[in-house]
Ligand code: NAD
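One chain is shown next in structure tokens, namely the form predicted on its own.
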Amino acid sequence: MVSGATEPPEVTVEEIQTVDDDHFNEDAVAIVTGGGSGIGRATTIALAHNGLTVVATDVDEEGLAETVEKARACDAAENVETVTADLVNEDDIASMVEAAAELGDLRYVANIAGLQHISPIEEFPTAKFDELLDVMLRGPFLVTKHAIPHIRATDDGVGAIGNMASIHSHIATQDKVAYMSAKFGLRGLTQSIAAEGEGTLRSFSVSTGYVKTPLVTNQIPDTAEERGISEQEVVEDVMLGESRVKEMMAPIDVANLFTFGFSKRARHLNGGDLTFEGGHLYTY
């Protein structure tokens, strides 16, 4: 039996991991893409609660405003700034990064924004394939490209870029060809950053199983229709069937991984992938 509902939970102060790090202060700036909902929202709140100035960016202006309200409940709203930007538009990205850099020392980037589309390859719309790769691979590349000069320009060059990957950056499932292609590529981007980061600018990716976010819960009906099964079977058999932990992660669980990855406690995490997937990848 699957334990826990699939409804995205609220972030609470008690669930936020705090890390003692000299760079976790208001003079240090972190960019979080996809900050208007889900993992991006939780990461924005967690990093702000840890003392960083956080620029949350999204195409969803109302979602960003809601993130600020949720941060207020966690005593973190004063550290959150929002910039509406479209990751498909390089001018938007460049302006967003510059706005972040004006707030202090830009040191951290969390590339989290994501999309999903469910369809077999032969029916997959080409425009939708392009859109998913633009947002989840080209977008992180562009944010990284514009952020790196600012990170290198800090007094010590210390910083990190974290990319939201997935177990689907390791294994493939049916009907998600664009998502898989983007996530596999994102791990390549992560390792490329590490190769060029000279040891002080680090990179890492985070690969989780299914997380209680709108991106995941909204795909349950589409997957059920595509496979001809019930929504309950999608959760129990498709999403959690191969996992030893029969429970979806909460967004704050993932946010805490980004907090750790950015901190000095993870200084040897460089190019690597944090896999938190309930045993899905490593057991059978």
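Note that this is a predicted model, so its numbers are computed, not measured. Each residue number is its position in the shown sequence, starting from 1.
Omitted from view is the form predicted together with this ligand, to which the following refers.
Chemist: The chain here is shown without this ligand. Which stretch in 146-154, 68-76, 194-202, 164-172 comes within 4.5 angstroms of it in the predicted bound form, by heavy atom distance?
Modeler: Selected stretch: 164-172.
Chemist: According to a 4.5 angstroms non-hydrogen atom cut-off, is T190 in contact with this ligand in the predicted bound form?
Modeler: No, T190 is distant from the partner.
Chemist: Does this ligand come within 4.5 Å of any heavy atom of G209 in the predicted bound form?
Modeler: Because a heavy atom of G209 falls inside 4.5 Å of this ligand in the predicted bound form, the answer is yes.
Chemist: L103 versus this ligand, in the predicted bound form: is there a non-hydrogen atom within 4.5 Å?
Modeler: The answer is no: L103 has no heavy atom within 4.5 Å of this ligand.
Chemist: Taking any heavy atom pair closer than or equal to 4.5 Å as contact, tell me whether G159 reaches this ligand in the predicted bound form.
Modeler: Flag for G159 set to no.
Chemist: Please tell me which of A224, V216, A250, L240 lies within 4.5 Å of this ligand in the predicted bound form, judged by heavy atoms.
Modeler: Looking at the other structure, the residue within range turns out to be V216.
Chemist: Even though the chain is shown alone, can you say which residues of 129-159 have a heavy atom within 4.5 Å of this ligand in the predicted bound form?
Modeler: Heavy-atom contacts to this ligand in the predicted bound form: V135, M136.
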